[in-house]
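Shown here is one chain on its own, the form predicted alone, set out as structure tokens.
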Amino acid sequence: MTAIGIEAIQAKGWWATHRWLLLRRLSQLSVMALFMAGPWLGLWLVKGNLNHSRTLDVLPMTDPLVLIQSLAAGHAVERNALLGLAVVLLFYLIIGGRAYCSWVCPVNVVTDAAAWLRRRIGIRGSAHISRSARYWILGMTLALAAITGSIAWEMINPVSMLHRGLIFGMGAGWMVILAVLLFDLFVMSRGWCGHLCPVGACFSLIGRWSLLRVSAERRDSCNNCMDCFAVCPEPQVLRSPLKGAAKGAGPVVMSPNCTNCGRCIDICSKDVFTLSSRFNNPVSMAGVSATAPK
């Protein structure tokens, strides 16, 4: 059995097989560096945290889930927070809602490490939790805010805890992050991000209408190596665009759960995948012919 990515490295070289992964890590580190530069170096390019921030004292950005929780808790919302929400919504409506999960969120590094370790160690089998569970947890965080009158979820949210901890010190927060790592490693593959995280659920709702999409543009060249399914954090989103031509499905990944991480682009030795637009999604004529009345 050929190791995952070997064909791509042989066909394209190491850089082209890891390009999007390395760019994502650079993006995640850069975001953290901008936030850390203020308290650590006194260089306040960005003030605040992932929940709410101001860049260069001009551009506000507000996490949608935090603002919705504030509203559910009955808090008054300032105009800057609403403006920051508009900025974030516009940005992710263009590049893809769950791009936040793969390009910004620091917990993604932890869960990617767990997935890599599972493959290296050869851990097989996984608990099963419906992917819709994250939407139920999203609803419960809003109910909790309404009941307590506070954004209580943020006290235990691994994303907020890791971000704050890297800047100001983790303390007991390391236990939560370690629990996420161990859960993904030993209990359920991609369990936290793919099935439980309400932050990802919130951004996936935004991603339903996002412009930038992954497309299996050259799916006819697919050699069924399955490497893309092995590395994709949401492999179910690839099935229809890649294998659904006979049913008339277009090549663009339209699922809001896609994180636009680019790993399928990296790992494919046949360059099947590329970044495209939601509007560049022609219906397969083979599928149309197969389903047309005779």
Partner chain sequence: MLDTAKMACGVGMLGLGLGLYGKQARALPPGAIRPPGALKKDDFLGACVRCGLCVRDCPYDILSLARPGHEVATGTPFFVARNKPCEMCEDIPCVKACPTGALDPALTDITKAKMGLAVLVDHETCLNFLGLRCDVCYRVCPLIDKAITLELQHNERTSKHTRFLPTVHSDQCTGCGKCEASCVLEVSAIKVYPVALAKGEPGSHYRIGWEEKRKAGKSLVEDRNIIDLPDRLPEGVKLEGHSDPGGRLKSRMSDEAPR
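Numbering follows the first chain given and starts at 1. The shown structure was predicted, so the numbers you read here are calculated from the model rather than taken from an experiment.
A second form of this protein, the form predicted in complex with the partner chain, is not displayed here; the remarks below concern that form.
- Figure note: of the listed segments 214-222, 86-94, 106-114, 152-160, the one touching the partner chain in the predicted complex, with heavy atoms no more than 4.5 Å away, is 152-160.
- Contact here is defined as any heavy atom lying within 4.5 Å of the partner chain in the predicted complex, and by that definition not a single one of 30, 32 and 271 is a contact residue.
- Of the listed positions (121, 182, 140, 127), a single one reaches within 4.5 angstroms of the partner chain by any non-hydrogen atom in the predicted complex, namely 140.
- Interface residue remark: residue 178 is not counted as part of the site for the partner chain in the predicted complex, having no heavy atom within 4.5 Å.
- Contact annotation: residue 243 falls outside 4.5 Å of the partner chain in the predicted complex, judged by heavy atom distances.
- Among residues of the shown chain, residue 47 is one whose heavy atoms approach the partner chain to within 4.5 Å in the predicted complex.
- Using a 4.5 angstroms limit between non-hydrogen atoms, residue 190 is distant from the partner chain in the predicted complex.
- Taking the partner chain as it sits in the predicted complex, the stretch 39-67 comes within 4.5 angstroms of it through a non-hydrogen atom at 39, 44, 47, 48, 49, 51, 52, 54, 66.
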